[in-house]
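Okay, here we've got a single chain as structure tokens, the form predicted alone, with questions on binding and movement later.
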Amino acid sequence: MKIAVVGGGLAGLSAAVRLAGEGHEVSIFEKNSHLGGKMNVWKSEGYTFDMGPTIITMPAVLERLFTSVGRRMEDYLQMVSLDPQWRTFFADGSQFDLFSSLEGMTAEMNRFAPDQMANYLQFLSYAHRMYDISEKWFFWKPWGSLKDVLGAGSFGPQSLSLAAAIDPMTSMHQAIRKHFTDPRLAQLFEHFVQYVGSSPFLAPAILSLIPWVQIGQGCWYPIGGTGSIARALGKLCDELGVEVHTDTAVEKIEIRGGRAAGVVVEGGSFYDADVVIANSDIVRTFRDLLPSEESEQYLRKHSAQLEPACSGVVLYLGCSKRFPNLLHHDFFFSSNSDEEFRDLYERRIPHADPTIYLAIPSRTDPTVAPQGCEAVYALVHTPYISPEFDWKTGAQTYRDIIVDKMERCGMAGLKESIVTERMITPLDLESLYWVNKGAIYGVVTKRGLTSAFKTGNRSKTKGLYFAGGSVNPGAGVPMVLMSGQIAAQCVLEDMGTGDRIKNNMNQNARV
């Protein structure tokens, strides 16, 4: 069977690997010159920067992809567990280190806020419960709506009880504030929802599972940078005979006789296929690759569900000095968390005192910067592209706000140490990665029985499937890798060969 994958991001790569491993003829069409999508790499003056994701969680999702095609992940990647996972700097001058081990967290909590220990343990239990529910109901499933879940035929009284247990009408903000009275810890744990580009005021309580995923299952770094994951998947594609077309933008997904028939690329060439998997932003897929009245109706009907998640500004700074007070991952938090989220998600303007996330990978991997130097990655979340802020005229001023805050928060001498620099804005993200309004994390996640769902992996059009951060199960490296494997599973099941595959995936679900 011939399969065309539109987009060589992590979801597209994982789908291609899975299907090529089953002996199918797979081709990837990628508009950029590299594979991996946002998991891109920039090198300058002896510094190496991961341009996209820098925090890796749930490595078992990646490991099972290798296992599914008879490979061992450790033969392709060296994954290192980070403990402590990150260091957090609060506006009042206090700092808190997040540990993987319960022993480390207990000692740190007793130092930082001993009166919050019981609250922390209760929250961890709550977050773990949310993870267990998600693993049973939602992970590795192609759901696109509550109707899909109810139609699966596996629901009874116990399932309805579990449905109530996810607190569908409770926001993540409400759930966390029930557990923590210390506003600093509330700010820390609320910020985890930014992994999927949403506001804790909007996101459902079930996303409280994210802190448990990192604390309970670890925070990981692949030696050589996170870009090595994309390179490893590219190597797998090569070994399995996947045909890769880089610098090849798809202009249209061809539909003939009510089913996908292939893709038309820039310049007009047509590549026929029995199956098309769209690893592209779902809004742009419907609007630009599948232009039709039916697509327009879908976009109108689901406009609230398809609202973009947040965007961001990223600075890549090659520095001629080191900053010994920092860990591999660090956060400089804003002085007013609630106002920051309201600026980003309601007022649509960059916050004046932004939370800054830093990745300093030379703490773990000395190959990314010259000796005695730092390759600094600084991310500030911003609204998606909207009329409320002009990035063409305001980007440089906002860059200066970010750098000034970094110096104030403990990176003295930063400005003078910068040897090489690059900045990515929401406009660049939109152009580089073909994402709707520069959104980093696909579409926003909101609470409620229906709005928490993303577009499903199966299309109503035969032979057409969806994968990536803007569709089920959502954004973030593990979810995107899962999305590609789910799309591949759907293809195999629809071909009539999916029972064995589905059983294998269920057996590996708790790896």
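All residue numbers refer to positions in the sequence shown, first residue = 1. Keep in mind that this is a model prediction, so the values were computed, not measured.
Unshown form predicted together with a small molecule; subsequent notes refer to it.
Proximity to the small molecule in the predicted bound form, taken as a non-hydrogen atom within 4.5 angstroms, holds for one residue of 27, 48, 68, 32, which is 32.
Among the residues 55, 41, 61, 464, the one placing a heavy atom within 4.5 Å of the small molecule in the predicted bound form is 55. Only one of 197 to 205, 108 to 116, 372 to 380, 84 to 92 lies within 4.5 Å of the small molecule in the predicted bound form by heavy atoms, and it is 372 to 380.
In the predicted bound form, at least one heavy atom of residue 249 sits within 4.5 Å of the small molecule. Although the partner is absent here, residue 289 sits close enough that one of its heavy atoms falls within 4.5 Å of the small molecule in the predicted bound form.
Residue 440 belongs to the set of residues with a heavy atom inside 4.5 Å of the small molecule in the predicted bound form.
In the predicted bound form, the small molecule stays beyond 4.5 Å of every heavy atom belonging to residue 3.
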